[in-house]
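A single chain, nothing else alongside it, follows as structure tokens in the form predicted on its own.
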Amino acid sequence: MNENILIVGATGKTGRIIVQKMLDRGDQPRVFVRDQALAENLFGGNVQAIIGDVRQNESLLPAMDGIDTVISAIGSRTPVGKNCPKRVDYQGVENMVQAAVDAGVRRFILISSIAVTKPGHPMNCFGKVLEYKLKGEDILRNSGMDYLVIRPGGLKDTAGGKKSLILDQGDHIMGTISRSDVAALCLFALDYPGELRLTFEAVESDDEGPQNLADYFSSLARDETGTSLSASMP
């Protein structure tokens, strides 16, 4: 596609797979990273690297300039401190969404997590990570942009395209999924010709077989306007 794509969190495990898949098909994405040396080591001169931090609004606007679609693969790394879920998964997403709206970005693809609507989930012991991811989702859903929220199951470093997938809505399912398959879902959404406005969970099934992503997407219901799922949080 002849679109300008920004990938945030490009040097993470899932982000770098997204970048490589884009490079493999001839795209030249822009990446928003904190570590320029790492970006150069991973991608060489094949991408345009913008240095910044999602926690700093002033670094986001230049990265969004001229961008059509944003893919966010960010995630907090510690339960407390500057990389905690509140600052990254919620406030960082809020900053990105606002910068994208200000820059006229058309579509925003957010990788979130399965079980975000379940406050009692054990992962919320990790700085309420799921609750803050849900708050970040809600910011995007109410932004006015076209969007996709992918809620993957447990992420695995395995080859993608081997198992058929299960896409569901309502946060009822559990399971695991290859990071490569999550990346493939992002790229399919990049090329999707119509409006998305979708939130769904994604896990792999036990069955080996081809993945027809068009069929998967056609079975999903668009979010209602103004959808908000978060409980009140500080």
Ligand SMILES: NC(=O)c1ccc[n+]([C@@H]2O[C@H](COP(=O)([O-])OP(=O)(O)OC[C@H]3O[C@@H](n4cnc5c(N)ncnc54)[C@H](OP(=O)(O)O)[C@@H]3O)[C@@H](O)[C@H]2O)c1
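This one's a predicted model, so the numbers in the text were calculated from it and none came from an experiment. In case it trips you up, residue 1 is the first one in the sequence shown, and so on.
The same protein also has a form predicted in complex with the named molecule, omitted here; what follows describes it.
Residue heavy atoms within 4.5 Å of the named molecule in the predicted complex occur in exactly one stretch of 159 to 167, 69 to 77, 97 to 105, 140 to 148, and that stretch is 69 to 77. Contact annotation for Gly153: at least one heavy atom lies within 4.5 Å of the named molecule in the predicted complex. The named molecule is not drawn, but in the predicted complex it has a heavy atom within 4.5 Å of Lys13. Remark: Ile111 counts among the residues lining the named molecule in the predicted complex, judged by a heavy atom distance of 4.5 Å or less. At a distance threshold of 4.5 angstroms between non-hydrogen atoms, Val88 is in contact with the named molecule in the predicted complex. Contact with the named molecule in the predicted complex, defined as a heavy atom within 4.5 Å, holds for exactly one of Cys186, Met64, Val47, Val54, namely Val54. By the 4.5 Å heavy atom rule, the three marked residues Thr117, Gly136 and Met174 all fail to count as contacting the named molecule in the predicted complex.
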